[in-house]
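We begin with a single chain expressed as structure tokens, specifically the form predicted alone.
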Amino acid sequence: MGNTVLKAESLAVGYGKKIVVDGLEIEVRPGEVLTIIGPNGAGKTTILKSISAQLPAISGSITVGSSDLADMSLRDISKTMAVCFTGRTDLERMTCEDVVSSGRYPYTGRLGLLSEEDKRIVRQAMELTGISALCDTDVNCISDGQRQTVMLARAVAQQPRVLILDEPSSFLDINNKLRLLSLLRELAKSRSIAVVQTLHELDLAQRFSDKILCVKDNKAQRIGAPEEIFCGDYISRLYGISYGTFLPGFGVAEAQKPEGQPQVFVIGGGGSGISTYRRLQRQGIPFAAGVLHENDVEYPVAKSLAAVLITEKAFEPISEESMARAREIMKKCSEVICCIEVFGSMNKGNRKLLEEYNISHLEQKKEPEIL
């Protein structure tokens, strides 16, 4: 990575004199992906419009390379920056190739005639983004997801130093979300492009970004690496999450846990109980879970969804104290579900709990003897 290609200092953005986001300090180097996150209405798109010269900044400065953005001509900006916004643009009677070709207009003469080199770059951009088969298709006859990819190919054809995208994964299925974001990472690395984007999918922001900028309440609250942002309860506070729990390690949220005394006891571990926890939550059935080690992969999910969770310290055998607590809660539950098929040395206490429950359950079902 070289020197900073996009820099904003003491930047305030908004409309007219109304500040939407203040205190922006942005620095993106070639090859880096910066993702802006925050609740709806926080000003994420306004930031993108300002750093792409579509909206004048209220105060502060934006520098692209060594040039002040305010002093650059539209043609120079177009040669330096490519922009993809989610808003639907009116593109009548244009094929997908026509749209991608328009990315070369900053480099053509007044007549907009493409050279052989321009055409080669257009073909390469379409191949790179996987839309060559749509070459002669009317852009209004393709899906929103395909249209999104066509606009990305157009941006690639511009050969920018900075690529700005507003919700690039919108309208895409999960496979194409992963493909597109992987492509953006590869473009950033192989072509030394600085990528600035907004995303609502926090799990994808966590996995595909070098830096995360968090905005809320008219302020740039925090900027840092994903591991600095996705820790503790910061994301929950950023979004004001009150209808569930955010799991920073996974970058995903869980729904609200059912209220009330546990009706079901779930014996899980190693990820085996997660689907059961979520099924019980959907059915509105309060449940207890245990005995889970605190380093178990399903511990965060169980902690979020279980009415009662019995735990054991990491790497320690299940203690008699934990088993005693589990027995007490199991007695009050109408059902026990065991999700484990194989027990090891560290969780053999759970096997004993299951055996005790099975024996007790069988004894309760025995018919009384006839004298």
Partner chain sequence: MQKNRAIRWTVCFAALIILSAVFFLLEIAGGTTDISFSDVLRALTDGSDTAAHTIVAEIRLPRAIAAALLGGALSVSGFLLQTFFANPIAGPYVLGISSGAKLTVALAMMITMQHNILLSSAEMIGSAFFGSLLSMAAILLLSGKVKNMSQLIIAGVMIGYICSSVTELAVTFADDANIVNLHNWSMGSFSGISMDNIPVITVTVLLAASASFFLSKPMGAFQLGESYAQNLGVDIRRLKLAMILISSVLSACVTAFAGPVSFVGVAVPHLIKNLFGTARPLIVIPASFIGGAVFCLACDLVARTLFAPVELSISTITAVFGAPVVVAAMLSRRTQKRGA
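Numbering follows the first chain given and starts at 1. These numbers come from a predicted model, not from an experiment.
We do not show the form predicted together with its partner chain, though everything after this point is about it.
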| item | value |
| --- | --- |
| The single option of 177, 154, 216, 293 touching its partner chain in the model of the complex, heavy atom within 4.5 Å | 154 |
| Option touching its partner chain, based on a heavy atom within 4.5 Å in the model of the complex, out of 263, 108, 245, 170 | 108 |
| In the model of the complex, segment of 297 to 305, 70 to 78, 124 to 132, 233 to 241 with a heavy atom within 4.5 Å of its partner chain | 70 to 78 |
| Residue 282, heavy atom within 4.5 angstroms of its partner chain in the model of the complex | no |
| Partner proximity in the model of the complex: residue 113 to its partner chain, non-hydrogen atom cutoff 4.5 Å | yes |
| Exercise: residue 33 in contact with its partner chain in the model of the complex, heavy atom 4.5 Å | no |
| Residue contact check: residue 227 to its partner chain in the model of the complex, 4.5 Å heavy atom | no |
| Full three-residue contact with its partner chain in the model of the complex, heavy atom 4.5 Å, for 23, 40 and 47 | no |
| Within 4.5 Å of its partner chain in the model of the complex: residues from 41 to 74 (heavy atom criterion) | 53, 54, 74 |
